[in-house]
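Single chain ahead, written as structure tokens, the form predicted alone.
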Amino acid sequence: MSMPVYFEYGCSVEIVAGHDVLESIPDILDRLGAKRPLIVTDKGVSGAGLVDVLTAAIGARIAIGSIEDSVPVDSSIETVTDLAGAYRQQACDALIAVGGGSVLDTAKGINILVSEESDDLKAFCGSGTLNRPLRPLLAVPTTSGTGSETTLAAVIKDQARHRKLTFGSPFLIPNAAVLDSRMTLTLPPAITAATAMDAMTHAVEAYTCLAKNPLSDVAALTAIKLISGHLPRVMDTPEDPEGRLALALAATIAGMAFGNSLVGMVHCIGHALGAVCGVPHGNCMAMLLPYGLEYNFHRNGRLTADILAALADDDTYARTPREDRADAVIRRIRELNAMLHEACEGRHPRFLNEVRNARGEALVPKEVLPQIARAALDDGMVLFNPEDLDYDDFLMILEHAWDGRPLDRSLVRRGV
């Protein structure tokens, strides 16, 4: 392994994981000097009874300021502003985010506004705009995908401009991540699949893109191994607490990886696809991951080949010739998506033309692909992709991903 000339790695989150760890929340808040948290969640989580599980575990030791469950599927500036108002009105002094990536990112946005005493979230967009610690924030994930509980980033949609805004600062990292298997036991199959593939993509891009380092590599490969070993098992037996906890840990560990190494073109296109068409982020990652590996093949195929050791068993890795291992990884990811597509009765799309809303309507018409390609150009993660990309490259990838055609590697421009 060639060592980088310089790298930084940090993970300041207190991670508490197990089958009955929600009960530790009052002690964590007490150490942080907080007494009146705002619980932020969404209607799916509250409707599934998971907030009740949380509040029962906390008991009477903490006075909950308010429970707000209005977070949408895609976090928005308007939602963040409204919930910051609820925080102030209820005189809260901390946040507990109970949910998936949208909820966690919303809580980070709320924390910016209440800590900075502002109503203009866009003023803090980008990196370097926050220069002091924020209010206490605890993350309680109810999906096993985003890794937002360990990262310094938040992605929040600007509805008016159909753009996703990125916020980055070490001060956005939650104070603690509480991983309790009870919080993911009722996760539906399609969401289980999408969020697990989100975590898989975080880990794969962390390992294969430009800002990787030896510590992020260890985390990335560990996450891939946990997902590949437990996702099929959880799809067969959703109520398996050991498998659920393994996937939750995988998402958090993948967050530790990409939170330090960042990601690449799969996320560039995924962010644009979500902003323009409203496709759930995990679905975007699952569909686009094979294309990211194919597009970057000539640049980092040797790194993709390494992943086979974590994605498959030892015998398969040993039997596969070195020159075939990268292709074997891409093939296995496509096979995993196909298995999930079948297990979810078609609700885990493999290609862009399979994405449907609840009414069965296509979410990604082919004529919108140029708009997505243009939006992807503005994503900062393009800087960390191994191969250069321009508008034509993004459009070519999208056209292949739309109907499921493998990428013709001879069409990839080899930038210098």
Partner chain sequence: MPLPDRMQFNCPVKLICGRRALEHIPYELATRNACRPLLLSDENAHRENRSRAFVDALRETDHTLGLVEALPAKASREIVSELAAIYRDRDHDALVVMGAGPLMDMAKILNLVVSTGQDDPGAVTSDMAGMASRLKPMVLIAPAAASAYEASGRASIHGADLRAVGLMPDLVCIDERTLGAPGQEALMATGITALALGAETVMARPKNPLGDIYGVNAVQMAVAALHAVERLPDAVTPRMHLAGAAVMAGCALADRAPGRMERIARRLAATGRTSYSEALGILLPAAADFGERHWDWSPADLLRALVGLDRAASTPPAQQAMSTASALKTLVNDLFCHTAGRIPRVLDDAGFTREELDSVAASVETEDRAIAPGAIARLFQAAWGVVPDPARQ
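C-alpha atoms forming the largest set that superposes within 1.5 Å between two forms make up the rigid core. Residue numbers count along the first chain shown, from 1. These numbers were taken from a predicted model, which means no experiment stands behind them.
The discussion below concerns the form predicted together with its partner chain, not included here.
Is there any non-hydrogen atom of residue 19 lying within 4.5 Å of its partner chain in the predicted bound form? Heavy-atom contact with its partner chain at 4.5 Å: present for residue 19.
Contact of residue 392 with its partner chain in the predicted bound form (heavy atom, 4.5 Å): Flag for residue 392 set to no.
Does its partner chain come within 4.5 Å of any heavy atom of residue 321 in the predicted bound form? Residue 321: no contact with its partner chain in the predicted bound form.
Using heavy atoms and a 4.5 Å limit, would one call residue 222 a contact residue for its partner chain in the predicted bound form? Residue 222: yes, in contact with its partner chain in the predicted bound form.
Of the options 197, 137, 256, 183, which one has a non-hydrogen atom that comes within 4.5 Å of its partner chain in the predicted bound form? Contact with its partner chain in the predicted bound form is made by 256 alone.
Which residue among 123, 218, 339, 210 has a heavy atom within 4.5 angstroms of its partner chain in the predicted bound form? Spelling it out, the residue with a heavy atom inside the cut-off is 218.
Out of 63 to 71, 26 to 34, 351 to 359, 47 to 55, where are the residues with a heavy atom within 4.5 Å of its partner chain in the predicted bound form? Of the options, only 26 to 34 has residues within 4.5 Å of the partner.
Though the partner is not shown here, which residues of 2 to 18 have a heavy atom within 4.5 Å of its partner chain in the predicted bound form? The stretch 2 to 18, when checked against its partner chain in the predicted bound form, contributes 3, 5, 6, 7, 8, 9, 10, 11, 12, 13, 14, 15, 16, 17, 18 at the 4.5 Å heavy-atom cut-off.
I want to check residue 128: does it shift between the shown form and the other one by 2 Å or more at the Cα, with the core superposed? Result for residue 128: yes, a 2 Å-plus shift.
Tell me whether residue 25 is among the residues that move between the shown form and the other one (Cα shift of 2 angstroms or more, core superposed). The answer is yes, as the C-alpha of residue 25 shifts between the shown form and the other one by 2 Å or more after core alignment.
Please check if residue 93 moves between the shown form and the other one, taking a CA shift of 2 Å or more relative to the superposed core as movement. After core superposition, the C-alpha of residue 93 moves 2 Å or more between the shown form and the other one.
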